[in-house]
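Provided below as structure tokens are two forms of one protein chain, presented individually as structure 1 and structure 2.
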Structure 1
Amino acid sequence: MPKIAYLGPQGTFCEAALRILAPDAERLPCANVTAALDAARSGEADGAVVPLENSVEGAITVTLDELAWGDPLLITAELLLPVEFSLLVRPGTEMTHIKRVYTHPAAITQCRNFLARELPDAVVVAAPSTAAAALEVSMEDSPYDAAIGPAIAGEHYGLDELAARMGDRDDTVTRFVQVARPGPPPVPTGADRTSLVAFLRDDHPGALLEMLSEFAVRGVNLTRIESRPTGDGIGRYFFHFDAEGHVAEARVGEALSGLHRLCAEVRFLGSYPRADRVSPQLKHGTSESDFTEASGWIDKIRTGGM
């Protein structure tokens, strides 16, 4: 049975994602994203599941930076998990009893309308995580009357669900990724995503355009671009890319090779099945057969053929 680390404690959305991605795995809760990834790097765990981005809050920057700077890890799978918040209380608590609410800052942001409408006089306090909030509220001497978090947290800590689907948006999702120590990527499925990090060799006009052109001329669609500071001073950045396709495909492999020639460093983060199972729409001249035919044509010319 594999052991998979995740952002804990028990009852987080991350645990819910892990239950789907690796239902038979032994689960190892960790205090933060860094600890979960380090457990995978050290061999304490066989892999880790961590959040990468949220459709409302955006990128999870600690995950981006850990994947860019820490010892290499390979993304092997992803999951788009709907984020549904519940109001969790000790048994017997009613809405009129709630004076202090405890939850993660992201939940405060995403449940603002519910709180203003249903609990306008309640004090809302930021917690390290939604699961930590639920654990605190489950204690008899807790100064908090309710927690906002996933229903799974209520199950873990014996809390009642006083209200469900509290979020201001019904379509909020968080993208989680499963990582492992470096090795061969999963085999292509025809609906894959490739992730990488690219560091500029030097800062000059058109540097980002040059990187983007490596994808564009080969018909590789980018699904995400994130810039992150290198820490070397204001205005110095590196870039996270998500691209449609698999590194085993010629168009993606050639794009990565082009980046490798241009950049100071390119870190391959993985090619893995897309959670939404969307296959890329290839434009003329960018299919595998197109690249194979073109390669044969140039080989023929080099050997004196016509």
Structure 2
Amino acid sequence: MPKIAYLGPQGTFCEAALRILAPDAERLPCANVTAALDAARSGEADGAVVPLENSVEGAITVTLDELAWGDPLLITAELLLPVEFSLLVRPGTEMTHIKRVYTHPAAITQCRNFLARELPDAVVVAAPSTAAAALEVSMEDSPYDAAIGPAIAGEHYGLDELAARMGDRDDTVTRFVQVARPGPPPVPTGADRTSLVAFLRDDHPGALLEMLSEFAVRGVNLTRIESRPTGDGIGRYFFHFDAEGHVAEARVGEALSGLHRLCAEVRFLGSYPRADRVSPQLKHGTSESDFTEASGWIDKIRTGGM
């Protein structure tokens, strides 16, 4: 049975994602995203499931930076998980008692309107995860009066649900990815996504446009682009890309080779089935057979044919 690390403790959204992505896996709860990824890197676990982006909060930057800078890992699967938040309290606590709230920073952002409306004077403190907050609030001597997290975390730690569906939007989803130590990517399914990071060779006008052109001229549609600071000073950035398609496909493979020639460094983060199963709309001239036919044509010219 594979062992998969995740952002714990028991009851996080991350655990819910792992239960769907790898229902038969042994689950290894970790204190934070870095620890979960390190467990996969070291071999303590066979892989990890971590959050990557949220439809309200945007990028989960710790995950992006770990995948870009840490020892390499390969994304092998993704999942879109609807997230619904509950206000979780020790039995007997009423709304008027709540002075200190504890939860994951992503939950603070997603529940901003509720907090401003219902708990305008409460101090809201960042926790390592929503379930870590619920666990802490379940302790009688906790300095916090309420946690924000999944209803299931409340059930697990014996808390009451004082409010449900407290997110600012009721259609929020978090995208989780499963990673493994480097190896061959999963086989193409026809509805795949490819993730990578690219570091500029030098800063000059049009540098980002040149990178984007490598995708555009091969008809590769991007689904996410994110700039992250390199840490080398203000104005120094590298880029995360998510693109439609699989590295085994000619148009994606050639776009990646083009970036490799152009950039100081490109790190391949994986080609894996898309959670939404959407297949790319191919532009004329960018199908597998178009690429095969064109390279056959060049080979013929090079060997004296016409």
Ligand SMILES: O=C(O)C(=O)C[C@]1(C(=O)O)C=C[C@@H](O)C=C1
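Numbering runs along the sequence of structure 1, starting at 1. None of the values given here were measured: they were computed from a predicted structure. We call the rigid core the largest set of C-alpha positions that still match within 1.5 Å between the two forms.
- Note: the form predicted on its own is the first of the two, structure 1.
- Relative to the superposed core, R201 undergoes a C-alpha shift smaller than 2 Å between structure 1 and structure 2.
- If you fit the rigid core between structure 1 and structure 2, you'll see the Cα of R236 move by less than 2 angstroms.
- Rigid-part rotation between structure 1 and structure 2: 18° for the smaller part relative to the larger (C-alpha based, whole degrees).
- Superposing the rigid core and comparing between structure 1 and structure 2 gives a CA shift of 6.8 Å at H97.
- Taking the core as the reference frame, the CA atom of T109 shifts 3.2 angstrom between structure 1 and structure 2.
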